[in-house]
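This document opens with one chain alone, in structure tokens, the form predicted alone.
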Amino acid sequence: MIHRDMVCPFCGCLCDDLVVETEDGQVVQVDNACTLGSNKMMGAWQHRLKSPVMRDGGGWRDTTYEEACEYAAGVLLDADRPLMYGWSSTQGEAQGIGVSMAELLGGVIDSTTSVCHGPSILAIQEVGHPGCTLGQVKNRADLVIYWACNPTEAHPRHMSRYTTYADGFFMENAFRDRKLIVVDVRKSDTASIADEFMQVKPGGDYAVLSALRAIVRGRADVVPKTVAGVTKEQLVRVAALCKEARFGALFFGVGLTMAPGKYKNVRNAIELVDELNRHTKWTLTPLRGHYNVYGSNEVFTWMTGYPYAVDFSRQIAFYNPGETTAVDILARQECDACLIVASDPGAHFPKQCLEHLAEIPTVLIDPMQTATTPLCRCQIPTAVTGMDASGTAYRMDGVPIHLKKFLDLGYPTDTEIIGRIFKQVKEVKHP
């Protein structure tokens, strides 16, 4: 059976033009997807857990969804400071129930934002977000900057759908007329096709952004001969290209948010865009990784006023990144139970955090075995949104997109499982 206009549930691009062919409940062909998206859709149905599993002595035993949900609810109800982490690779409907449950339990809910683009949000909260949709970039931008990111490998269709290789409605010959500038600490695959590559010494992003701001402001005289490995001549040339553009779009990645300076780097980038907007039109967009990490920020903000790391222990929503973020809570060994939804902290959290996760009762909701599985005491497999579950996700530019299902493998959705756990929590908290 051919399924058209499917949405890829891999990265924040949420490409919505996939053609998927299924046969006997299996995916046999995926067209229009990049290698990353295609591999996920072709292989995700193959390696699922068959049923929930629980620790049994030194091994595992299969269990039922009823017993697994009851165990998860009991763990959360018994905890004094439960942590609920993940939420970036699941549908918005599940995220909403998660927030309600965290509030009822007086726990902490945090998403993977805190270990990727959290600093971007802090900067946006300080100075605003000069953003636009990816459609605006595709149809209008004649100059694109990728700063501290490599979309060729991390977002393989970003350039073909929205920037370098995309047609533009308001451009006669977008491929030839659109210029590309790459700023990075190394010459990446994306940099190799750029019209201008600016190589910055590691940790030098803030200084280079400040130099560009000074030049755009007409104060090139205060800029030294080299800034973080970049010559003044190149800085002046790049600033001129930016001012001459009719519509410029700056995209940045975690190479900027997690480099020394963190949110100050992003704030400086936003203020550079602000300076350029005195001369022409410029926008800025974070390149988000997980397909619905933007959605977690949206849902959390609607319901609590804060985009991530929300702490309900004071009976009101409280937010203080660095204190209420998952890594910090785990490192302080503060939480006494953890529910992890659709993420894999076992693959990228510090060792100190993982040691504490392994000591406390941890429940994982994820379709497949991951690096987090050995750290938990119970894992509940669910359907994958965009494959065998439908739901809502937000693209990296903040546009909500409905993901349709094209398989039925019999698994419950994240929304159904978290809803069951929440129902049992409510029966105890509000009988």
Partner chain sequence: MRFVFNTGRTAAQGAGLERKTSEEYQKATSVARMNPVDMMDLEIEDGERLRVSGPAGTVVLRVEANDGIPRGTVFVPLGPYANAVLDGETHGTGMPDYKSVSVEIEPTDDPVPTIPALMEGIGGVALRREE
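Residue numbers count along the first chain shown, from 1. All values derive from a computational prediction rather than experimental measurement.
In what follows, reference is made to the form predicted in complex with the partner chain, a form of this protein that is not presented.
Comparing 76-84, 350-358, 276-284, 101-109 against the partner chain in the model of the complex, the single stretch with non-hydrogen atoms within 4.5 angstroms of it is 350-358. Contact with the partner chain in the model of the complex holds for all three of 49, 262 and 322, each having a heavy atom within 4.5 Å. Contact between residue 187 and the partner chain in the model of the complex is found at the 4.5 Å heavy atom cutoff.
Using a 4.5 angstroms limit between non-hydrogen atoms, residue 195 is distant from the partner chain in the model of the complex. At a distance threshold of 4.5 angstroms between non-hydrogen atoms, residue 114 is in contact with the partner chain in the model of the complex. Contact annotation for residue 92: none of its heavy atoms lies within 4.5 Å of the partner chain in the model of the complex. In summary, among the residues 26, 29, 64, 369, the only one with a non-hydrogen atom within 4.5 Å of the partner chain in the model of the complex is 369.
Contact annotation: of the candidates 168, 96, 346, 130, the single residue with a non-hydrogen atom within 4.5 angstroms of the partner chain in the model of the complex is 346.
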